[in-house]
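Below you'll find only one chain, the form predicted alone, shown as structure tokens.
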Amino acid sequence: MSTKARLAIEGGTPAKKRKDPPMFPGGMAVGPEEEEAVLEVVRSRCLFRHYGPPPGPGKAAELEQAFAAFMGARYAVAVTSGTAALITGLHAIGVGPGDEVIIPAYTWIASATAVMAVGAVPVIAEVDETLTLDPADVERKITPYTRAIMPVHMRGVPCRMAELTDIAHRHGCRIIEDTAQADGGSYRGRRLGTLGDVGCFSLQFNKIITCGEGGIVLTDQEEVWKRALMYHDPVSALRFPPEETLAGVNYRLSELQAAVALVQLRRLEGLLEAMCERKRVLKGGLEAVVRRKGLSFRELADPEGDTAIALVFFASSAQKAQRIAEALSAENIGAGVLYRPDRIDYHVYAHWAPVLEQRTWTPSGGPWRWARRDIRYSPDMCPRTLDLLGRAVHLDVSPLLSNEDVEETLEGANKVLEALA
């Protein structure tokens, strides 16, 4: 057997000549336009969104208008991070102490800690083969104290929003969308983040578009927008009558970050198109071996709305998934398994020790003191989620993959799956 045909993990020649580029879609696109946008703000000396030497609105206000228009929403509020967006969004829809918010077992820990930050209790529900909230388990987790459901569009894929919205309406719950990993995605023709009462976005460096750190709160509801505006910035609260105002914090996005985000927003469509085309070719080139070997691709609630940042398939066991991922990595293909018990990953609820053990900053603090029923967690409380994630092999789909990269990825992935699946 030639070294090219032999698996690289067994001493063969890697199928790909070079490793995948870093998976920072917007971050890797940063260039002269972002630089010039920052310099424009610096030269103006207007570094604070509410005032400075030049008159008129600044970059943060411009970003809010542009982001809302792009996503198809009435209002946007620019904040300091995706976590700040979630906290602001929860306050905006009236979630507080004693309330319960249903979140998925697969999401960044910030989804849980944002709920805790407003004094509410995170209720952890299973994910299904979309790796997003399982509507059937959400229905089972509803209680008289459920105030909101938080669909998280993980790894760029839309949740089953029709089913989740129906559950929310029947039970009188609010919907807060965590769209941190799915900027620009859609569901049945509508942009993600516009299907619930409030949508929350992240502009952190790992996300599809970025300004290093930052976030956006999106809504169509005027009252939700007013509350978000007041909570994220006491200065903004001054525009409302004193008898209507509530005390807020400081989650204002800076003018420098907003300037970068405006340029990145103009890049978003191109990034999505590049990733979608590459994923289409990769998935098409793997379908035969996936079918023949009895594997399955991650389900998509709406394939047209996928941002295509990742290609995920399920192996028959966690052990086999790990072996496949290791072999793919040896071929210079960026791959991994989404859950390993021995590797702490804050995307998986089983590793959220501070949440599961209900740790608090002070002896009398924390949301569980206000809970209206006994709340208990355990690392094995969502077995279906752990099984799916343990069997899930994840491949990044970078917009920077060349045609040669894609061809070599297919060569290596087919070789690995033929041998190990």
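Counting begins at 1, following the sequence as shown. Since the structure is predicted, the reported quantities are computational estimates derived from the model, not experimental observations.
Unshown form predicted in complex with a small molecule; subsequent notes refer to it.
Considering the small molecule in the predicted bound form, the lone stretch of 308-316, 126-134, 239-247, 107-115 in range is 107-115 [heavy atom distance within 4.5 Å]. Taking 298, 160, 227, 207 one by one, only a single residue has any non-hydrogen atom within 4.5 Å of the small molecule in the predicted bound form, and it is 207. Screening 192, 101, 78, 86 for any heavy atom within 4.5 Å of the small molecule in the predicted bound form leaves a single hit, 86. Looking at residue 152, you'd find a heavy atom of it within 4.5 angstroms of the small molecule in the predicted bound form. Contact between residue 202 and the small molecule in the predicted bound form is found at the 4.5 Å heavy atom cutoff. Contact annotation for residue 257: none of its heavy atoms lies within 4.5 Å of the small molecule in the predicted bound form. Interface residue remark: residue 198 is not counted as part of the site for the small molecule in the predicted bound form, having no heavy atom within 4.5 Å.
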